[in-house]
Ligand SMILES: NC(=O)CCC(=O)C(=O)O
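Read the single chain below, which is given as structure tokens and is the form predicted alone.
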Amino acid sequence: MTIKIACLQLDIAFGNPNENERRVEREIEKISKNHPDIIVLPELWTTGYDLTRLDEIADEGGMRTKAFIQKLAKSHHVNIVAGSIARKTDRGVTNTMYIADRNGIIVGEYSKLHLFQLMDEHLYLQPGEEMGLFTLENTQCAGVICYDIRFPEWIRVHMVQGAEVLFVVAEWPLPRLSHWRTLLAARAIENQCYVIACNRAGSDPNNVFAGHSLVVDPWGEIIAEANEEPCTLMAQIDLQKVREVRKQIPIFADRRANDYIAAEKNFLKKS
């Protein structure tokens, strides 16, 4: 089974949800002519990292964003992994991803678990509490957000539940571009999955972002990569390759999860 992917590597207007919605709608109109199966947006695409104004510009309950992507998904008959947005909740603001299928139905959501202190996320955001599993095109998928990719144990939790595609949305800064590329390839290799990674382009008052959205195959080979400029990255993935790689090197069958737990308990008893 092959799936055509489109990653929208956007330059995000700082703290301006109205303008960012216009940009997304315009770009989706353009790329829909290429008939992608799944469109992916970057992290915090409605606001950027305008964290100090989240009380004013965050989306109450995510309702506005959900309605927006549901309309686009249904009208263009395309699945949308809608990056993430700042969502107001009863317990504070979360950095939340929504997924809409071709019929405009929300089929998944995930709020970023690991908050990045270097960009002050811990001062303005609350961590998520649930996993990022969802199904698109009859395929088990997982979604995570930016800093999450530095925590392989969190990604593995999703993969042992059968995920074959990992979607990563980000606002990854240019100075750590080499980390971005290396970490994404590592997550693909160790989990024998496709990694679809959509980063933003451009800059804000405090950061220059890396772009370089990537699609990585289950062997860790980069099959498509953008540059630093705003663009749409197109790629096609073949899910049969995931099954072939997992059959050839059966790491999930060979895992010894109970032994890892027992060994850790023994170590803690001795320490």
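Counting begins at 1, following the sequence as shown. Just so it is clear, the structure is predicted and the values come from calculations on it, not from any experiment.
One more form of this protein, predicted together with this ligand, exists but is not displayed; see below.
Exactly one stretch in 172-180, 68-76, 153-161, 124-132 has heavy atoms within 4.5 Å of this ligand in the predicted complex; which is it?
Contact criterion met by 172-180 only.
Contacting member of Cys141, Ala188, Cys146, Ile99, with respect to this ligand in the predicted complex [4.5 Å, heavy atom]:
That would be Cys146.
Contact check for Glu43, Tyr49 and Lys112 against this ligand in the predicted complex, heavy atom at 4.5 Å:
So, yes: the whole triplet contacts this ligand.
So in the predicted complex, is this ligand close enough to Leu136 to count as touching (4.5 Å, heavy atoms)?
Contact check for Leu136: no, nothing within 4.5 Å of this ligand in the predicted complex.
Does the 4.5 Å heavy atom contact test between Met119 and this ligand in the predicted complex come out positive?
Contact check for Met119: yes, within 4.5 Å of this ligand in the predicted complex.
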